[in-house]
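Form predicted alone, single chain, as structure tokens, below.
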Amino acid sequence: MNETAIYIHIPFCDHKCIYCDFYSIINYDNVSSYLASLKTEINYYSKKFSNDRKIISIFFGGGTPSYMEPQYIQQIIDIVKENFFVADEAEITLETNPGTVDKEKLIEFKKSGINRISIGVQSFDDDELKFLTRIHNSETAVKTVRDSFESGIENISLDLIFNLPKQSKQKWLSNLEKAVALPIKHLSAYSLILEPGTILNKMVMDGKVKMQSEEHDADLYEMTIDFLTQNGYEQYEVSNFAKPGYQCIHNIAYWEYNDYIGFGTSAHSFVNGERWWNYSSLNFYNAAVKAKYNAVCGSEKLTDKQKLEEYVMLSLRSEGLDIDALKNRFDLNWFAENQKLITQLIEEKYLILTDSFLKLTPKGYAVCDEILTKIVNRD
């Protein structure tokens, strides 16, 4: 059967953080109507895609899915299971923000079917949390991790952000030390990015905030790799680290170029070489689902060249590119056509080749986007 991942977007949020560019709304008027639309959309796509698919992961992203009541999340899980074949061992992740859950609520989330928690800590430093306009403090962040573990959800992931304005190497190291001291299995470390349309972007444009240099960013990133690998975490993607056996199944589905189906506002899907995406506006989404049972506002059929480039980029961003598998999948000798450049990047220690497996080195991960641009833009 075709292994497929499902993403479900929950747009409701308490407030908009200054750096966030994901679709979210600070309004709970449409919670019930949104659930009804999700059920309709899930039912619609099940008729198209359920016959030959095994669902290996369900990921609730947002917004802040943990603001919802556990019964709300359970209804969505139940409708997915009623309409699709969900593997018994499927990973079911709930994005969670400290300050939105307590131990009792987490226990109920576990009963609803959640077996993995991704906690948006972002920092263990109270000044940094205030700058990021998070609703929690460091004490609440630590408590949320411990409550998650004590509720019986042992597969816990943290998100942290580095290269904040004025963030020193020592302050970032302190964040990493506090993270690994907790009972977590996975850590995602992201550099602070200026996204158009965010409050942070306007603050920088207005001269109220000054971002740090690319050199400092690279130093913090290399520190992250060194520290986490020394503490038992394996880097399996540019920004993601896991204890052995705890790589995020949902993320891997994206990076291994597997099919995925997205439900809800702004959700994207990729099935059989075709990509489509939903309306972001909740009102547009609800109206579209009511009219046609789906909320697609755009789509594209990928060319063979696009598929090849995406496969190469996603593989190299994660655990590496199996050259033999690529040759079998696309029926061409990509390695031979690019051997001169690859040899140069190996000599410069950006790539390493073991048997038929090509992988970025830590040095390569630090300039990943530049390396991938060189490899795929060779017309």
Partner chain sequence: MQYYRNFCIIAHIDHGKSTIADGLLEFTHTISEREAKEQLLDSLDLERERGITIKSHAIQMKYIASDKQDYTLNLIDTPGHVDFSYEVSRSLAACEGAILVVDAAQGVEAQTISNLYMAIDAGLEIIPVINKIDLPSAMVDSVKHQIIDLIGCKDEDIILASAKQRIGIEQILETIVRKIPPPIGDEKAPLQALIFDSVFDSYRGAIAYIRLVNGTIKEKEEITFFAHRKKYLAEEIGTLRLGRIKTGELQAGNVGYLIAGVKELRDTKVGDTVTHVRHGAEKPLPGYKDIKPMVFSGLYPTDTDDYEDLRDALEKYRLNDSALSYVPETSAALGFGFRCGFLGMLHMEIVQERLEREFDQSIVTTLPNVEYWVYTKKGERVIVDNPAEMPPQADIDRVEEPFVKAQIVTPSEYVGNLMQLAMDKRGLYKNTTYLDPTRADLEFEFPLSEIIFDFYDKLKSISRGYASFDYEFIGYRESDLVKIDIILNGDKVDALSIIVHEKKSYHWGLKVCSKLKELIPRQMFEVAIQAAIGTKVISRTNIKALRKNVLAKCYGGDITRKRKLLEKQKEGKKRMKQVGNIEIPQEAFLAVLQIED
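Since we're looking at a predicted model, the values are computed, not measured. Residue numbers count along the first chain shown, from 1.
The same protein also exists as the form predicted in complex with the partner chain; that form is not shown, yet it is the one meant from here on.
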- Item | Full three-residue contact with the partner chain in the model of the complex, heavy atom 4.5 Å, for 71, 114 and 140 | no
- Within a 4.5 Å heavy atom cut-off, is residue 217 in contact with the partner chain in the model of the complex? yes
- Could you confirm whether residue 13 comes within 4.5 Å of the partner chain in the model of the complex, counting heavy atoms only? no
- Message: Is residue 357 near the partner chain? Define near as a heavy atom within 4.5 Å, in the model of the complex.
- Response: no
- residue 268, heavy atom within 4.5 angstroms of the partner chain in the model of the complex: yes
- Note on the structure: Checked 131, 277, 227, 149 for heavy atoms within 4.5 Å of the partner chain in the model of the complex; positive is 277
- Query: the partner chain isn't shown here, but in the model of the complex which of 195, 126, 154, 304 has a heavy atom within 4.5 Å of it?
  - Reply: 195
- Note on the structure: Partner contact check in the model of the complex: of 131-139, 235-243, 197-205, 72-80, the stretch with a heavy atom within 4.5 Å of the partner chain is 235-243
- Query: Are there residues in 339-375 with a heavy atom within 4.5 Å of the partner chain in the model of the complex, and which are they, in order?
  - Reply: 344, 345, 348, 350, 365, 366, 367, 368, 369, 370, 371, 372, 373, 374
